[in-house]
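Only one chain is included here, represented as C-alpha cells and corresponding to the form predicted alone.
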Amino acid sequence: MTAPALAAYDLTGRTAVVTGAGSGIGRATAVLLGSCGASVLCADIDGTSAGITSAHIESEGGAAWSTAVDVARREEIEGAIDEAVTRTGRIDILANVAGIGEQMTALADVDDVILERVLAVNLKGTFYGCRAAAQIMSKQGVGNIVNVASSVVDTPEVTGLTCYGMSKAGVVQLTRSLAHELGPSGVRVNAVAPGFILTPHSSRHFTDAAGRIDEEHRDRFLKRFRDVSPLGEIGDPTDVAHAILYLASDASRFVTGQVLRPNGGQAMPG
C-alpha cells in the first residue's frame, strides 16, 4: 500500500468515543482505531470490560481510557462525550456500537419491558450519542459519526427479532437524516449494517444459563448463516471494525448518509 493510501487511515491527533467497547464489535473497533493513532475513550455498560479494552490499547502503544456508560441514560453518554472533549479538547469520531437484542420472540409474545429496553439502548441510546456529538462536531467544523445498524433491516424474514429490527431501522433513518443536517457543517454520518457476527453477545443463542455451549446447536445455528452467504463465512468483529475505520477515516471523505454492509453477501438490497 502506498504512503498516500496509508495516510488516509491515519487518525493521529484525533479523539474517538466508542460505545459498547467492552467486547465484540465495540472492542475490535476501539482497538483498531487506537492502532491507527486515535485517542480512544472506551465506553461500556460494563466498566471493567471497558477498562480491559483500554488497557490493551495502551499495551500496544496507543492512547486510551475507559468509563462505564449505559447509553440508554442520556446523562451518561453525554457525560462520556463531555469527558472526551475535556481531556483532549475535541471529538472527531463517535462509533455508536452499543446495542442489545431480544431472545427470538414472536411479536405476540413481546412484553413492554423487552420493547422499551431494546428501543432505549439501540435507538434512543444512539440518538443521545449522535445529538451530543453533533453539538460539538458542528462547532468544530469536522467530525465523523458511525452508527451500527444490522442486516435485519434488509432481511425481515428473520423471525423473532421485531423489536431489534425496528430499532435498527430507526438507526438507519437517523443516520440519513443527520447526514443531511450536518453535511454543511463538515460532519459526516454513516452506518454499518453487519450480517451475523460471532461475538459473545450473539453466542447467547447457543449458550445456556450456566455458560455452557451446546456444540450441536451451535453448528446448526451457524450453518443457517453460512448457507445464505455466498462466501460461506461467518463474520468476525474485526470485519465490522475495518468497515467502521473506513467510514471514520479520510478514506471515505466523500461518503455520507450511507449504509455499508459487511455481511458476507447474506443480504444484497437493491
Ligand SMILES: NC(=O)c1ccc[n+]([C@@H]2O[C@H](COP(=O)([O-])OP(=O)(O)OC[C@H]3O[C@@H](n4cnc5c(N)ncnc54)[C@H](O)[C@@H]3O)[C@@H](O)[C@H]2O)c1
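The first residue of the shown sequence is 1; numbering continues from there. The shown structure was predicted, so the numbers you read here are calculated from the model rather than taken from an experiment.
The next section is about a form of this same protein that is not shown, the form predicted together with this ligand.
Looking at residue 199, you'd find a heavy atom of it within 4.5 angstroms of this ligand in the model of the complex. In the model of the complex, this ligand sits beyond 4.5 Å of every heavy atom of residue 239. Contact check for residue 45: a non-hydrogen atom falls within 4.5 Å of this ligand in the model of the complex.
Although the partner is absent here, residue 97 is a contact residue: one of its heavy atoms lies within 4.5 angstroms of this ligand in the model of the complex. Partner contacts here mean any heavy atom within 4.5 Å of this ligand in the model of the complex, and among 31-39, 58-66, 210-218, 45-53 they occur only in 45-53. The single contact residue among 84, 137, 145, 149, judged by any heavy atom lying within 4.5 Å of this ligand in the model of the complex, is 149. Contacts between 6-36 and this ligand, taken as any heavy atom within 4.5 Å in the model of the complex, involve 20, 22, 23, 24, 25, 26.
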